[in-house]
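The same protein chain appears twice below, in two forms, each given on its own as structure tokens and labelled structure 1 and structure 2.
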Structure 1
């Protein structure tokens, strides 16, 4: 048997896993999206998605995903740039990745304690003379916790892009009289744009479908499509409507992947 034939055999377990845990759930969601509460075929679910209430949820989902991505980028790029200049960058990277090993639910509950009425955040505010504030169940707490969770996914691609940047290009720009800001704007940032796009994609797409953080940290004050999917599947038992929203969300995510993916290829040329 040739080496190529052996490689094809090795692909069989991966193919089975892909069919069972990727293709089959998608097919189930698409099938379920055409069923009503009585199990009859209908297109009413797709008509309902475009009603004002769901369009508002969609707008909220994209707005908060954009806000989380923007804040993550504003924090992540300087952090990644600083990491490339440190002596013990591998240690700092480990410290950055370490929280990703902790269960997401545990991290969320930790913030419930930190932002609670008698938590550390309010204790610091009280010590500064500001007094206790309502931090939980606010837009601020939702965005803050989301950024904390997603920040490694923004930093790592940008860090890799900065590490691959030839230092000679930066040195050449400085030798030709470019200032530090001009060098960053005309050389460093354009050449690391692929990492920026990859990081934005890695943050924006999962941020679109958040539901646990909206429930526990935002107290359902932030209503997104992820929250609507959870409600339809677990509360109202309207699986058809929940599946329809999930299908629309998957299509939106696929479009984002295609657009940012093509842009990343062009930027890397």
Structure 2
């Protein structure tokens, strides 16, 4: 084989994979979204999306995803910041993201015990004199568990952005008389915005489509777009409607990604 033939050969298996598992599923999903329960061509699914039930669900879904992203950022940024200041930072970072490798379902399951009526959280509340509260199956437990799951995805890109920040810039700001806070606000934060964006994307998009957390710890009180898709595909078998919600979600995601830009590139600038 010539050099050129080799190069083209690599494209064949990879191209087949791209067509079969990236292009085809999207095409089928869009196609299915135009089918009704009997398999007839229809636009009714897209009409249903504009009914109050689905609009409300979408609004809730976005609101919760926003809340989860915001809380993750508020907790994650200081974590990443202080992590870069530790002596063995790579090791600490590894320890922080180690829980990511624990099966997601197990972590969520653990909260059934932690947040249970007699669990540790309620024991703590009791000791503080707040008394036992209903924690499980509430919006609070949903947001808390989601933030718990997503924190590493927020910390990692911010940590990398902070690492790439030249320390001389911070020194220069301090030498010129800026206070620690001003230095942070005017120099450190703007220069790590790329990492923040990447982190927010990495949290917001999956947060839109959670369904196992809502099922397990939010007691079906919180219905997100993810829950709705799962419901339509696996429970009510209304694949057309499920596909329509998936298509709407994909479009929404694409818009978000385009609006916020690619965070990674800016982070390394």
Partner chain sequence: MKRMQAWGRVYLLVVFAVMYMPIVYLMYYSFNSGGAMHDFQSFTLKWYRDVLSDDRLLIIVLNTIVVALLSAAVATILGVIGALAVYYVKRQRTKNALLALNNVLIVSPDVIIGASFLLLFTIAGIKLGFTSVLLSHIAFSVPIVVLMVLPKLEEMSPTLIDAARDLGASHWQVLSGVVLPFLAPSIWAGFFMALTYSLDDFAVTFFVTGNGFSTLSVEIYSRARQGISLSINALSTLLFLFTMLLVIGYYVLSQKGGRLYGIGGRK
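It should be emphasised that the depicted structure is a prediction, and the values quoted were computed from it without experimental measurement. Numbering follows the first chain given and starts at 1. For the two forms, the rigid core is made up of the largest set of C-alpha atoms that agree within 1.5 Å on superposition.
Q: Given the two isolated forms of this chain, which one is the form predicted on its own?
A: Looking at both, the form predicted on its own is number 1.
Q: Core-aligned, does residue 20 move its Cα 2 Å or more between the two structures?
A: Indeed, residue 20 is displaced by 2 Å or more.
Q: Superposing on the rigid core, is the CA of residue 251 displaced by 2 Å or more between the two structures?
A: No; that C-alpha moves by less than 2 Å between the two structures.
Q: Aligning on the rigid core, what is the distance the CA of residue 9 moves between the two structures, in angstrom?
A: Its C-alpha position differs by 3.2 Å.
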